[in-house]
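A single chain, nothing else alongside it, follows as structure tokens in the form predicted alone.
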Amino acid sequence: MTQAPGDGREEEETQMPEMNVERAGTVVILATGGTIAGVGEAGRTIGYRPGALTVEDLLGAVPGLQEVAPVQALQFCNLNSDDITGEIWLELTRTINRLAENPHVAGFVVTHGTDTLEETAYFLNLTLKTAKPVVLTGSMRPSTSFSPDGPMNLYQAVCVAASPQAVGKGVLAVFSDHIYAARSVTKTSTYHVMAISAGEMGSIGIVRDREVYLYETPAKRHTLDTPFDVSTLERLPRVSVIYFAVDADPALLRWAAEHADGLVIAGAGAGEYSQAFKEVISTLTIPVVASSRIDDGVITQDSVLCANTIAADNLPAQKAAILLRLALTLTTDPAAIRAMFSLY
């Protein structure tokens, strides 16, 4: 899957080129575009074109990278991350799974736009079938800003991907010296250089120069310990996210339910919504997950407003939608899906 840099539109899919990795300990870098590959007016941090640089350009901005580990790069796609699709996720998963079979490959880095980095990270965390480190990174400032953060983030991501400490930890994200688990990583600011964080869950490690310090192990099941096999899927089930606010029109729920295989409600507070919403949700027969528009906290099954809904635990709506889409590839049974939200 390739795309001409900078135009923000996906071209016709092409077969991914084969990568011949022959050096032991190689870190494979798969570039997908985003701000880290962005170009704009010199010094400015807004008004740039995401996905304008190639992966070779990115590597050229990080001197000494080959001293960390042998590196081979692949331009997987070159998009604004808001244009990432489920089909791209499926192909990315298959590409990493295939390359991970090579014994010379030690780990992977995926460069990615920050807007949906957390979603791609969580999808990979649930679908990859390898214990080798897979690390996502990006930047909040384009390459042409006065102090771009992309080169340091890429350098640190390669350090983590090459580290034996990261083996078996699931998919990780590295940003501004911190290491985050895919399930908890999120974007918390529209502009701040440390916009990638993990809320109240926090980071699980740090990177200082070339040294990797991992202190926590993700407790939720991931990668090899999930049942989600996407190797033959052409597309994912459709799940819509409905955001509740004062006077939110319940007709949106009815329309979405007619055009989706499942719904996620981004409710107020602990996943709450109006009586008008409740009346519609209680009649739906497709799976409905109760999430929250609040950044932190947990929704328990005994606190949901409608008995036919599934508590999202502490997953935000966008990640609850990913888990629901994958769950629906296996079952529509509410009890089975509830169990998945407690495990993953």
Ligand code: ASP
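Bear in mind that the values here come from a model prediction, so they are computed numbers and not experimental data. Note that residue numbering begins at 1 and tracks the sequence as displayed.
FYI, the form predicted together with this ligand isn't displayed, but the following is about it.
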item	value
4.5 angstroms heavy atom contact with this ligand in the predicted complex for residue 218	no
is_contact(residue 100, this ligand) in the predicted complex, heavy atom dist at most 4.5 Å	no
Heavy atom of residue 204 within 4.5 Å of this ligand in the predicted complex	no
Residue 34 within 4.5 Å of this ligand in the predicted complex, heavy atoms	yes
Listed range touching this ligand, judged in the predicted complex by heavy atoms within 4.5 Å, from 247-255, 81-89, 226-234, 176-184	81-89
Residues 243, 292 and 309 all lining this ligand in the predicted complex, heavy atom within 4.5 Å	no
Candidate from 260, 140, 124, 71 lying within 4.5 Å of this ligand in the predicted complex - any heavy atom	140
Interface residue in the predicted complex among 197, 75, 120, 114, criterion: non-hydrogen atom within 4.5 angstroms of this ligand	114
